[in-house]
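A single chain comes next, written as structure tokens; it is the form predicted alone.
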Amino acid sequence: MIYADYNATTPLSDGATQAIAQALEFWGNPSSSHKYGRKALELINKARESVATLVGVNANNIVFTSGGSEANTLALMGTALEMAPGFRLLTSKVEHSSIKDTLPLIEKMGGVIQYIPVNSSGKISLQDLEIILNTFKPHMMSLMTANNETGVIFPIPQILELCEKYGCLFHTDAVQGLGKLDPSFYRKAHLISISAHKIYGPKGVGALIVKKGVKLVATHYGGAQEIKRRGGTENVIGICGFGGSAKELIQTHSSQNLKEIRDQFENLISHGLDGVTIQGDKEPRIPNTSNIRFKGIASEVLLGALDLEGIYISAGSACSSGSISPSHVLLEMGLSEAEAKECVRFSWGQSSSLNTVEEVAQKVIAHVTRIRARNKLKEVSK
């Protein structure tokens, strides 16, 4: 098996597994005052410190959630409810579906949404952004740190400077940035969404980092947990797993050279095939991600062929992989629907190596060549 879908999820690290095993021994409710409850709360606080240390923020800033999607929703809805009516939000149309699908609800509440466009490389113009900030005067801007499908990085430090200049809150979805970029790149944002299962932690747990002074209306009720910012009994096992993966990442700093691995793969594909384009390849990208269009080949055909070889990749975001619609990210970058349906994503991680990508590249080149020849025969026989 060769796994090349790390942007979708990652396997559990040893640190996460060990922390989860420890949490299973103390099954008390963290809000209980007896020994088992106190121990569960102690484990949560230990995990909170590890996650905070990884990002470089205060532990009190961490609000644990059910994942990155809930963190995004809490950031937007919590701020919209706090600032209603007339809440104004600036974002882009290449955001994760958890952002995109929350916007209609904000509009139903009377909020106003404006978008900053991206160019064909997935890049935004800081000059255009400042013009919109000056004219639209948003209460909040929400832009992802790195795109989950293309890997393209937004210039977060410069964006934050503009937000501070115009008195605008800034939220960034750093789910794909965590563990792949130095946290100093995005840690000064007012609100930051992160997720455990992108850094070798368990699924079903994430966090919204809420800086001091930022006010949010809670969207989950049921108790005073997370300093009244997210009610409900905590997912002790998941949170401990998050802390375990964060602590391990702090210690290892991921010594892999993922950029070398990715660049070698792209070089092999580009030299081995014609009719290949790499989305966002002229822009800064997170080091592990390649979104490649193979002209004339439907993504699901190539995915199926590679799956039979034991090579696992994706056609885009895992949160929308069940959809037959083309990627909204690629459409916003100017690809047609047909072109967008010819794109697949390779994302490398812990088990990847130069030998791995050479093997995958050979298989991809062989299958693309075979499928194109078959398609050509079909066209001739018509």
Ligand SMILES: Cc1ncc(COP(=O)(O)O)c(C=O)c1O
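Values in this document were obtained by computation on a predicted structure and should not be read as measured data. Note that residue numbering begins at 1 and tracks the sequence as displayed.
The protein also exists as the form predicted together with this ligand; that form is not presented, and the subsequent description refers to it.
This chain appears without its partner; in the model of the complex, the one residue of Arg230, His190, His96, Arg262 with a heavy atom within 4.5 Å of this ligand is His96. Note on the partner interface in the model of the complex: the residue among Met144, Ile286, Leu178, Leu90 having a heavy atom within 4.5 angstroms of this ligand is Met144. Proximity to this ligand in the model of the complex, taken as heavy atoms within 4.5 Å, picks out 190-198 from the listed stretches 190-198, 288-296, 266-274, 210-218. Contact check at 4.5 Å (heavy atoms) against this ligand in the model of the complex: none of Gln279, Ser347 and Gly349 pass. Among heavy atoms of Asn148, some come within 4.5 Å of this ligand in the model of the complex.
Within 4.5 Å of any heavy atom of this ligand in the model of the complex lies no heavy atom of Ser50. Within 4.5 Å of some heavy atom of this ligand in the model of the complex lies at least one heavy atom of Ser69.
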